[in-house]
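One chain comes next, on its own, written as structure tokens: the form predicted on its own.
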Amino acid sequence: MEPNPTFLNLPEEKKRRIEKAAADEFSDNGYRSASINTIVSKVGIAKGSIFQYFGDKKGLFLFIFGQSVDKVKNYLKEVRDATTEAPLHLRLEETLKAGVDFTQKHPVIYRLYVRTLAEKEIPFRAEILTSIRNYSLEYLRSLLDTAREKGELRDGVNIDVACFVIDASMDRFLQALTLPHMDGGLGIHNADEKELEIKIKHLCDSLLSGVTP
């Protein structure tokens, strides 16, 4: 979702304030209960400005979510490029570590994702979540394709299935960081940094046992 050029021409500081206020409101209250009045009150602008910039509440939400997804993609791209020569087990561990780091540094963005998983009223929800999953699968497939070229995978591994399992496991791991009921008894929720490193290694070891010799 692209905003009106009027928004793009605003001073950077003002754009960041609008984006932050909107992200906070949507992540705290969800799409349905989010208040445009609260957003403009925090920023100190007229309510009509939001409609001028984004058309409506849906346009604002889609823009904010798109910005959030772009940040995640840039984060993962850095990990992928920095670990090109590393073995698969290290690349997977670094990917999951980056996910943990991102959720801790950008809790608002992660809450927005969790809200989208739970709230059916969000516009284009199915398309949004499908796009996220497709990107994650594409990212993991690039890691596994490289591993196959290096001879790291055992013969006969179905990469599509492997990507599905790894993606699902990593997504559940990250959800367990903030949602106690998703922990499943592994002690991920509220674990300290050292404990998380150990659990990341154990998870990646288990995942790799299905695809490596």
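Between two forms, the rigid core is defined as the largest C-alpha subset superposing within 1.5 Å. Position 1 is the first residue in the sequence shown; the rest follow in order. Source: prediction; values computed, not measured.
The same protein also has a form predicted together with the DNA, omitted here; what follows describes it.
- For the candidate spot formed by 179, 197 and 203, no residue has a non-hydrogen atom within 4.5 angstroms of the DNA in the model of the complex.
- Between 162-170, 31-39, 147-155, 179-187, the stretch whose residues reach within 4.5 angstroms of the DNA in the model of the complex through a non-hydrogen atom is 31-39.
- Contact check for residue 209: no non-hydrogen atom falls within 4.5 Å of the DNA in the model of the complex.
- Remark: residue 15 does not count among the residues lining the DNA in the model of the complex, judged by a heavy atom distance of 4.5 Å or less.
- Contact annotation for residue 69: none of its heavy atoms lies within 4.5 Å of the DNA in the model of the complex.
- In the model of the complex, the DNA sits beyond 4.5 Å of every heavy atom of residue 191.
- Residues of 160-193 are not found to place any heavy atom within 4.5 Å of the DNA in the model of the complex.
- In a rigid-core overlay of the protein, residue 30 has its C-alpha displaced by at least 2 Å between the shown form and the other one.
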